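Shown here is one chain on its own, the form predicted alone, set out as structure tokens.
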Amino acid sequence: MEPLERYRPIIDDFEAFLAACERPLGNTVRVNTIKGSVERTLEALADDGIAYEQADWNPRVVRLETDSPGSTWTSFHGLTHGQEEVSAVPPVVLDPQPGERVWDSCAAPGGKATQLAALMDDRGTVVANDNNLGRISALRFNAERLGATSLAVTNADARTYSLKRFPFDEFDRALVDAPCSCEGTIRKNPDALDNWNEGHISSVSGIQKGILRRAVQATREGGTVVYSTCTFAPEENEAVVQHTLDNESCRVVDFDLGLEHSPGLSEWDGETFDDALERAARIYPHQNDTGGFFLAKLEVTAE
């Protein structure tokens, strides 16, 4: 837990934060409404003898009393998909609508991409991209298991992504759930901090900046881009958004979030950020008994 000490100045009740990070994470699934309603899925779980609790902020997110959520009847038939609770937040904040063109720039293994398709009633186009060919098979498997027919799967570097393969030249919305140092997954992956170092944070933040800038460029004026990570490092969060604000035509906008959270930072380690970054959300493990997450919502503006 030593690397997390650097965040003591920015986290209220830091001891509660550390204690939460040391507790194992419970099992959560998302109801896949492409295959069935929330009501039908809950009935199937009850029939299977599995105790559950719906999340207050989202009835499609369900905490299960089982050690193997991927082995249930509902999972086998595509009614549920194992997905950490905070991982289900970015698609909800992006709020895609049926018929739209949406880009998930870093989509594998497909939890958020298929959630986007479900939120769109599987109508429109969700371009699910990942640069890791080895992860594409998992993305395709989950799309097929969950019945997400609106997905188009691509394998490319998001930083230089080309839309020439499509009959359109811009997206309505884009999700950048960026590769990161994964500090916020410590409850699920106890070894997440084993190889932690500031050099890695610096390296991955450069990749994040390139992906987020490309997402803004590829989204129409008035469109929405959501940036998210599962890490606490401001270098990967506020600093990446600030870099995009400085170099692309966009602004940070407010959004509603039914989970307890802290605002984004306006400064870190001698670096100041635009006050608009306080509209971003930092979700810490002790606030909702979840993993850690960061989210910022951007609106693309005229050049």
Partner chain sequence: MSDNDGQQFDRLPATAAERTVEGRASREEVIDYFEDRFGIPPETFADYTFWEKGAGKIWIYAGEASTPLGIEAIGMTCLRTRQEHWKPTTDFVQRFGQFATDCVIELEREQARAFAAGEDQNLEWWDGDWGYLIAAHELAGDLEPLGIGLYVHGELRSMVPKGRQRDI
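Residue numbers count along the first chain shown, from 1. All of these numbers come straight from a predicted model, not from anything done at the bench.
Omitted here: the form predicted together with its partner chain. The next part is about that form.
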Checklist entry - Ok, Pro59, Gly70, Gly258, Pro263: which has a heavy atom sitting within 4.5 Å of its partner chain in the predicted complex? => result Gly70
Checklist entry - Looking at Thr125, Gln83, Asn131, Gln217, which has any heavy atom no more than 4.5 Å from its partner chain in the predicted complex? => result Thr125
Checklist entry - Hey, with its partner chain in the predicted complex, do Arg213, Val225 and Arg279 all fall inside the 4.5 Å heavy atom range? => result no
Checklist entry - Among 153-161, 105-113, 175-183, 197-205, which stretch has residues with heavy atoms no more than 4.5 Å from its partner chain in the predicted complex? => result 153-161
Next on the checklist: in the predicted complex, is there a heavy atom of its partner chain that lies within 4.5 Å of any heavy atom of Leu94, even though the partner is absent here?
Outcome noted: no
Checklist entry - Applying a 4.5 Å heavy atom distance criterion, does Glu144 contact its partner chain in the predicted complex? => result yes
Next on the checklist: Would you classify Arg63 as touching its partner chain in the predicted complex, given a 4.5 Å non-hydrogen atom cut-off?
Outcome noted: no
Checklist entry - Should Lys188 be classed as touching its partner chain in the predicted complex when contacts are defined as heavy atoms within 4.5 Å? => result no
Checklist outcome for this item: Restricting to 162-191, the residues within 4.5 Å of its partner chain in the predicted complex through any heavy atom are Arg165, Phe166, Pro167, Phe168
